[in-house]
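Shown below, as structure tokens, is a lone chain in the form predicted alone; questions about how it binds or moves come after it.
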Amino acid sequence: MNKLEIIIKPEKLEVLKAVLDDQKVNGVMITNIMGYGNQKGYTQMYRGSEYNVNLLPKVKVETVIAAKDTARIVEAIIKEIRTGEIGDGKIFVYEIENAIRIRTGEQGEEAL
């Protein structure tokens, strides 16, 4: 099993959810976060003063999937989310040792 941690712009969340639904991904966790990467933020004028805004709003989506489906799902996400501009986001892939459904005691992929 693998955990996908996907960090994207907030306006791409609905597109990502549609991709994950199309790929039959069960269960996601969504967190609003702030951060920056290569963008390093932007400069904004407010009441005649210039401010550097270096923490940008992002969304982190986490899900656990079967290892055999990882490449296909990652490719589908990239195909739909990529614009070619700085700030498209990142996908981190982690190996998961085990998953346990508390209600039934199912383990491994059966728990997904």
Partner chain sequence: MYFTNISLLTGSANTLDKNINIAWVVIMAILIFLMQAGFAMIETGFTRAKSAGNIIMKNLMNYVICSLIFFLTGFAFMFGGDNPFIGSSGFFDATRAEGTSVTAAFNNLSPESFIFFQTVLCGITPTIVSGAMAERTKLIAYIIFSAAISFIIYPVAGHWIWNSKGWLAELGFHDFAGSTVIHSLGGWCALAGAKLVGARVGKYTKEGKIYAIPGHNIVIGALGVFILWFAWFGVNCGSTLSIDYGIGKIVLVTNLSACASAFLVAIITWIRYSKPDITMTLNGALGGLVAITAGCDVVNSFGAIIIGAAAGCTLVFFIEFTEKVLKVDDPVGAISVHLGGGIMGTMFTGFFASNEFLQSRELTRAQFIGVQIIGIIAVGIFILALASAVLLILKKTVGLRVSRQDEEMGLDISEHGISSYADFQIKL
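Note that the structure is predicted; figures quoted are calculated from it, not measured. Positions refer to the first chain, counted from 1. Rigid core (definition): largest C-alpha set, two forms, superposition within 1.5 Å.
What comes next is about the form predicted in complex with the partner chain, which does not appear here.
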{"property": "In the predicted complex, residues of 82-105 near the partner chain [heavy atom within 4.5 Å]", "result": "none"}
{"property": "Cα displacement of residue 84 between the shown form and the other one reaching 2 Å, rigid core superposed", "result": "no"}
{"property": "Core-superposed comparison between the shown form and the other one, residue 49 Cα displacement 2 Å or beyond", "result": "yes"}
